[in-house]
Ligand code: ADP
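In structure tokens, the next block holds one chain alone, the form predicted alone.
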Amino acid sequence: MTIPKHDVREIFDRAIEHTRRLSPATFDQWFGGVQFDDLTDGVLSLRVQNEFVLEWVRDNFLPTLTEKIRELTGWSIQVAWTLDSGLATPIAQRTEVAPVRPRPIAVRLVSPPISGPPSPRLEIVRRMPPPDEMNPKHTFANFVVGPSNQLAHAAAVAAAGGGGRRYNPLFICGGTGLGKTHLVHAIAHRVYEERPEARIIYVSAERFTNDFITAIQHHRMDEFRTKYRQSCDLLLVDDIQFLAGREQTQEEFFHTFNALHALDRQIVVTSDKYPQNLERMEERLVSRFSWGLVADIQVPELETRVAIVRNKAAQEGIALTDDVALYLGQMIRSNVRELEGTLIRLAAKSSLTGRPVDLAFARAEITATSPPRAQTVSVEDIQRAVCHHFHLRSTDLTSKDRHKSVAFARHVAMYLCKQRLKCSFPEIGRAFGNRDHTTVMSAVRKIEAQRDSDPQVRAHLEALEKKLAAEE
């Protein structure tokens, strides 16, 4: 949904008025260092005087402000900050409209010929066609942000020119159906909207390979290299893991990457694995994938899954009660695609049968169409097995004890929860004494590396996995 600029400003002003009521005096004091720049596709761009003001506003006023904007627009709101020490006048005292971030228009100044008139002329720049295979619904406004994908979302916004530090390349990794392609499409949509003259290429790794093979067969390598290296302002490549083992294609992509990176053209790559875990991929490519930022997307936690269901229902015009949204979020944990697909299926069945999508209907349909679930172990089962294996007390794994033996056992338990139960990092962190999700990420990666390099660690894991398999 696109909102006209004057309506965007009115929405922000209404949200400001609502937020100011919390504490007018404090609000005026702290918002003196904040300026509104833009609100597009759920990204609120604010200019802030310094980091101290940023932290205070973010912690004390931002939740109320963004919630009001979400209520008025239906968007999931993400904030892009810009530091500007020149700001001074309190927002509550300004009467003029704050400047909106300028959007490029499709014209350019062209220098006149030597023999021509002294003033430049305007030449219309041809608006480039939108990238192939783009889903119109995959925008930033329709992307639900939660702890499991917050970093990847913020990095994608920055890659599209929406504020914040831009990383090049941006490497987005995560399992199937978690939103990698959605973010890539959102980047393309945003760049195309802001810079209609931009030359955007979106391809899968398979498509890149096929284009390369075709160019070789028909002696069109110059044409291929012009397209991918010179006539490209933004390169988006999905599922880079499919280049595995294709040595000649990897060689060509390596040189394409180098050419674009040298020109500071944004490169965004997605994969189902971290760069260092890509099999049969040249080391020099793996190294380049890590030059910028590697941002992973994890299985969303319950709150985010419920928000995703509600967001999809709003997009599709499906009447959905809170209890049904919660039930779907609890029952479907694997990925976003399955979650949204289940909602659409329920809505279609409801339309055919004339029954409302209530809790009883949802339970009956999911029970009838889902295969019986095999009995699986729980987080508690894994914790219990690990404690028994390492001769620890049941409370050791959730305690603050950092003794080497306890920490190692804790890391192993976290790794097993991630591998066997597909829990999100925040969920695992809560189960292990409310630890931060970054702590869990570090633990899981450490055990993954040790499993490949340390026979003793591998033996511990194999013994535990054998024991857990016997309990299923």
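Numbering starts at 1 and runs along the sequence shown. Bear in mind the structure is a predicted one, so any value in this text is a computation, not a measurement.
If you look for the form predicted together with this ligand, you will not find it shown, but the lines that follow are about it.
This chain is drawn without this ligand; in the model of the complex, the residue among 144, 234, 357, 158 with a heavy atom within 4.5 Å of it is 144. Contact with this ligand in the model of the complex, judged by any heavy atom within 4.5 Å, is made by just one of 76, 342, 181, 250: 181. Not displayed here, this ligand is kept clear of residue 265 by more than 4.5 Å at the level of heavy atoms in the model of the complex. In the model of the complex, this ligand lies farther than 4.5 Å from every heavy atom of residue 195. Although the partner is absent here, residue 349 lies well away from this ligand in the model of the complex, with no heavy atom inside 4.5 Å. Proximity of residue 189 to this ligand in the model of the complex falls outside the 4.5 Å heavy atom cutoff. Contact with this ligand in the model of the complex, judged as any non-hydrogen atom within 4.5 angstroms, is confined among 134 to 142, 211 to 219, 384 to 392, 273 to 281 to 134 to 142. Within 4.5 angstroms of this ligand in the model of the complex, the stretch 149 to 177 places a non-hydrogen atom from each of 149, 175, 176, 177, taken in sequence order.
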